[in-house]
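Below sits a lone chain in structure tokens, taken as the form predicted on its own.
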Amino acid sequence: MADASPMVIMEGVGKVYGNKIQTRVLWDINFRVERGEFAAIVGPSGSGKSTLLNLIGALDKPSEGEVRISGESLGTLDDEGLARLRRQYIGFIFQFHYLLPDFTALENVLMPFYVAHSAPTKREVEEAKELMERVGLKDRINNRATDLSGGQQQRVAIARALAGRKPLILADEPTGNLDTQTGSEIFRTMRDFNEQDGTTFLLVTHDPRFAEQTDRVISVVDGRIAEDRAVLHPSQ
């Protein structure tokens, strides 16, 4: 039986940096993301968007409040438990692909398995090849990262994030370093995985074109949620 709990729940979450001199970045954040949603987080630079994503991704800890991923409270987990949760549930896509230049595209997709248990299994290799085909790089699996275009490198990063069938993908400005056409292609690739596999996506973006193609827009201003609205598409 599939887990029916929301993919993400944030309750009363705040974040403060510093001790003697404190800077509050987030104030009383409350929202949930259901499984299979494709949502955008938008807002001005410095509004707290990336901090919010880091808290959801268990890369940072809130100063107050609770974050739950697939029903599991992050505040109850030690460092090993948080690492396990990230491996099991969360894939990350960043503005810069962060591929390892001396490895092939396929090896970069398999990198999470090398980190987790030294070497990928045969099944994991086959899954990675399937992901490479689905992102349109079937013929580039043996190319080194430096032999790929910027758009191709970001497609490899998407496949790497999805390796291991992660149900939640956190994407921080994944099209921000690409030209308009390539950015649109990358967005469509992510949307395809959402629609075909039910993968949940939380996308931080400055581009209103992409935000309006998601299912939901969460606006963050000065560390607070200013608006949380569904996006109505022509077919709806």
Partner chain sequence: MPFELKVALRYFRSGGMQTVLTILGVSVGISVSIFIASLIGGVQAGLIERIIGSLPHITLEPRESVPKPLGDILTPQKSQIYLSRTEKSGLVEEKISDWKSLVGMLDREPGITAVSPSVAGPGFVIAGTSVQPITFHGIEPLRANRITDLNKSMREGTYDVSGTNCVIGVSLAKELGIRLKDKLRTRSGRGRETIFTVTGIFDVGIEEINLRSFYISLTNAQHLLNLVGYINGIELKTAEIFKANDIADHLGAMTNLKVKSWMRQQKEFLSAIQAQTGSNLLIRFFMMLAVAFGIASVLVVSVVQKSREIGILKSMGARTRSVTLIFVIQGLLTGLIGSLVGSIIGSALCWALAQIPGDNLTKPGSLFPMKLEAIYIVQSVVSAMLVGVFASLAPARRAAKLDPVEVIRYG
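Positions refer to the first chain, counted from 1. The term rigid core refers to the maximal set of C-alpha atoms that superpose within 1.5 Å between the two forms. Bear in mind that the values here come from a model prediction, so they are computed numbers and not experimental data.
As for the form predicted together with its partner chain, it is not shown, yet the points below apply to it.
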Next on the checklist: So in the model of the complex, is its partner chain close enough to E124 to count as touching (4.5 Å, heavy atoms)?
Outcome noted: no
Item to check | Non-hydrogen atom contact T175 with its partner chain in the model of the complex at 4.5 angstroms | outcome: no
Next on the checklist: Even though the partner isn't displayed, in the model of the complex is L59 close enough to its partner chain, meaning a heavy atom within 4.5 Å?
Outcome noted: yes
Checklist entry - Within a 4.5 Å heavy atom cut-off, is E107 in contact with its partner chain in the model of the complex? => result yes
Item to check | Which of 202 to 210, 28 to 36, 48 to 56, 177 to 185 sits within 4.5 Å of its partner chain in the model of the complex, heavy atom basis | outcome: 48 to 56
Item to check | Partner contacts for 60 to 88, taking its partner chain in the model of the complex and a 4.5 Å heavy atom cut-off | outcome: D60, E80, A83, R86, R87
Next on the checklist: Taking the rigid core as the reference frame, tell me whether A83 has a CA displacement of 2 angstroms or more between the shown form and the other one.
Outcome noted: no
Next on the checklist: At a 2 Å cut-off on C-alpha positions, does R165 qualify as shifted between the shown form and the other one after fitting the rigid core?
Outcome noted: no
Next on the checklist: How about H117 - superposed on the rigid core, does its CA move between the shown form and the other one by 2 Å or more?
Outcome noted: yes
